[in-house]
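Just one chain is shown here, as structure tokens, and it is the form predicted on its own.
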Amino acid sequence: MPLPAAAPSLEPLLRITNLVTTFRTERGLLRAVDGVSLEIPKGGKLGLIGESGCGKSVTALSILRLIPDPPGQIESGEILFDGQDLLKLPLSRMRHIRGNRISMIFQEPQSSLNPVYTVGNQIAETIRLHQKVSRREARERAIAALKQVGISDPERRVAEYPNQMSGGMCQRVMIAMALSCHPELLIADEPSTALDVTIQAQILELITSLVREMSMSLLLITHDLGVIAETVEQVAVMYAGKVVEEAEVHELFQNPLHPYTTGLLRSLPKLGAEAGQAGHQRLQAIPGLVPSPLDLPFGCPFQERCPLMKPLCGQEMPELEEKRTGHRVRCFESC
């Protein structure tokens, strides 16, 4: 009699708990990531959004332990990947995970590729490092990877250098390199920001389709709310190094609870009936400026820009609490 099938594991592929990453500067200690906690289930897609400098990219680099030390340091927290705490692994094992089980696509494709090696050599080197295959097989896999990301004539392109390719082509090469070892988790850090607007949609559609085809988990880092709405299932909003709101994507867009998230959504341009009878409306900017991470106010970091600010906001930091099912927010005034 066959044994019953094992129940699927509910343990997330990636679980970050109270992550703190700091940088030593001449003016003092900068807490770039301040107590961040996130989860990504196996096959799940999480979007991380917020203004430049809020800690999104530092969170991603912390996952891969790529924080330059000095001046940076992961001070505390836990990063569990498939049950292993990445912060406790020896560097030799961490190098095996990077590019193999966890891959990352960076913001600037042309500056991320080495200009003195062909793109084929760079992809093949990644494959040989982690898969232990022959040079010939690695080259064949590099050609297949270029074809997979939609690069025409990959047999010729594999011998070209990054400066012979456009920004969009280089980004496709970076995607091919990131996916060449079939990782379980893909981190995409502003993958279309440096590209022409006509190419951005193609790159994002390519990433989405490949993630789906390869059954990977995705951490998408961006400041583009439109990209988030079309790509991920869960969203975390960061401000001044902290997660201030987290919810399922449709819930967040329909019922934002944090004043910062509300401000972000109101700053989006609207057309047609949404914009009123005139067919357009003035964009609503969030007043004030993001406080310096070296001089954050006591209490909530958003208080000086917040329309709901109360005395309590300047006295203590609100906790990230669940206000609705699956919807957490760091705010005293949200309901």
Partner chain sequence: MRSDVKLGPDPLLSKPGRSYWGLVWRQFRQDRLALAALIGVLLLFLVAIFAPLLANDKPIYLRMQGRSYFPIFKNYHRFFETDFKALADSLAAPDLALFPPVPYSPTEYDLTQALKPPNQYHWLGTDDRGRDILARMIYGARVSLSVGFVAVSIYVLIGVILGSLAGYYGGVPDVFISRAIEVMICFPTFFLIITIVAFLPPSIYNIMAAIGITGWTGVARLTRGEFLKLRSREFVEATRALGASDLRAIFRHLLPNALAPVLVVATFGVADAILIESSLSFLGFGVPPPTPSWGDILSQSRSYVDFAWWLTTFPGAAIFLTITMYNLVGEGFRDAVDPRLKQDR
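These numbers were taken from a predicted model, which means no experiment stands behind them. Numbering follows the first chain given and starts at 1.
Keep in mind that the form predicted together with its partner chain is not shown, yet the notes after this line are about it.
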All three of 39, 63 and 93 touching its partner chain in the predicted complex at 4.5 Å, heavy atom to heavy atom?
no
Tell me, which of 190, 251, 184, 125 has a heavy atom within 4.5 angstroms of its partner chain in the predicted complex?
125
Using heavy atoms only and a 4.5 Å cut-off, determine which of 262, 234, 217, 121 is in contact with its partner chain in the predicted complex.
121
Just to confirm, residue 99 within 4.5 Å of its partner chain in the predicted complex by heavy atoms?
yes
Is there a heavy atom of residue 196 no more than 4.5 Å from a heavy atom of its partner chain in the predicted complex?
no
Taking the shortest heavy atom distance, is residue 145 within 4.5 Å of its partner chain in the predicted complex?
no
Just checking whether residue 129 would be counted as a contact of its partner chain in the predicted complex - the rule being heavy atoms within 4.5 angstroms.
yes
Counting any heavy atom within 4.5 Å as contact, can you tell me which stretch out of 82-90, 170-178, 209-217, 242-250 lines its partner chain in the predicted complex?
170-178
What residues in 94-120 sit within 4.5 Å of its partner chain in the predicted complex, counting heavy atoms only?
95, 98, 99, 102, 103, 104, 106, 108, 111, 112, 113, 114, 115, 116, 117
